[in-house]
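Given next, in structure tokens, is a single chain: the form predicted alone.
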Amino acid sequence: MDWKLAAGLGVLLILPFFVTDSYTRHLFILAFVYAILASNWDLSLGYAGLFNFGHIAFFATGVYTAAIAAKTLGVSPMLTIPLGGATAALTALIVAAPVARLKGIYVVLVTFAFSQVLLQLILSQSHITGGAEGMVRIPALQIGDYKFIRDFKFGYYYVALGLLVLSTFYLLWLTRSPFGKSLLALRDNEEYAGARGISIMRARVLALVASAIFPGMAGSFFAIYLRVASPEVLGFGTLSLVLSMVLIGGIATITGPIFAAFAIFFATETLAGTRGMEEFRFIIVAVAMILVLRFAPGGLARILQVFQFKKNRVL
């Protein structure tokens, strides 16, 4: 493990013992969820080169899987988290069928259209999903007699952190495996990769499915944590915020979007609490994304790599 990741994990592990304010813990929990979304989106976008807008749909699938399973069917809230990953993977498999044969803007259009179809399905099936009003009072996490809802978000913090750690190790292992290298080959030179025996369609389908599992689990946790499932999770604001985390952090880096997720989320929350800046926070994020794409296309992760390289040369 990189020493920086180890140090960061160490800080996050002990943080709740020093930060007892439930609101601050709440912000970290949401930052963990966004970091999972951004880093897994980077797998399909940065490594596989699939310009898809489907990850918000996978996240929403997890949200409503948990809501319906826990509230309507009486499934244990803890079990809905892996169940959300399974349903999101199945959803990704359905989306991947047409996407595997498409390129460029057509992938964007199909995946965005799927998100809109899912939104309309949620709104139209109000007897199941709650429609525009959503579903509320979803059962909270509980292990035996221990109720997470009464511990000032201490337990939820570690569940969210555990999901982020598992997701990060999973992505790092996947991207460093032969499969991850084959995705990079397909992204950089599809004809050459195909000539070397790499199945283009199979690789795209697997990349999309693999990148949907943890967003689905994060979506299930999100619903159980907030105890609400709302169609707002499919809104353009959520999509653009997560996409900005991927692009500003640096595509094909995994850790870059994670760091950017923390930076952008806490920056937007700080601006939201600053008088007179509430309406400008997303504009500032958009400007930051434009500047990064213009002057540092590799994102913050690449900037840090170049800085570290120059520092080592000086030493």
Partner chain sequence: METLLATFVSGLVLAALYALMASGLSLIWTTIGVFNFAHGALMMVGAFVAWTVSEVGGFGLWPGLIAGVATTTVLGVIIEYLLIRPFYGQRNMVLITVMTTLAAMIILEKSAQIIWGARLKQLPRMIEGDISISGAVISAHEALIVVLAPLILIALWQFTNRTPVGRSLRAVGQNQEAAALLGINVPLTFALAFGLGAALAGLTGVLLGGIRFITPSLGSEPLIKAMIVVIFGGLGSLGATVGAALVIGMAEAFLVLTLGLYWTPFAIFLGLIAVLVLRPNGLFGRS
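Fair warning: this is a prediction, and the values are worked out from it, not measured in the lab. Positions refer to the first chain, counted from 1.
This next part talks about the form predicted together with its partner chain, which is not shown.
Using a 4.5 Å cutoff between non-hydrogen atoms, residue 266 does not count as a contact of its partner chain in the predicted bound form. Not displayed here, its partner chain is approached by residue 117 to within 4.5 Å at the level of heavy atoms in the predicted bound form.
Taking non-hydrogen atoms only, residue 104 approaches its partner chain to within 4.5 angstroms in the predicted bound form. In the predicted bound form, at least one heavy atom of residue 112 sits within 4.5 Å of a heavy atom of its partner chain.
Listed residues 184, 121, 75, 226 were compared with its partner chain in the predicted bound form; 121 is the one with a heavy atom within 4.5 Å. In terms of contact with its partner chain in the predicted bound form, the residue from 131, 194, 98, 82 that brings a heavy atom within 4.5 Å is 98. None of 28-36, 280-288, 257-265, 54-62 except one has non-hydrogen atoms within 4.5 angstroms of its partner chain in the predicted bound form; the exception is 280-288.
Using a 4.5 Å heavy atom cutoff, 125, 239 and 247 all lie near its partner chain in the predicted bound form.
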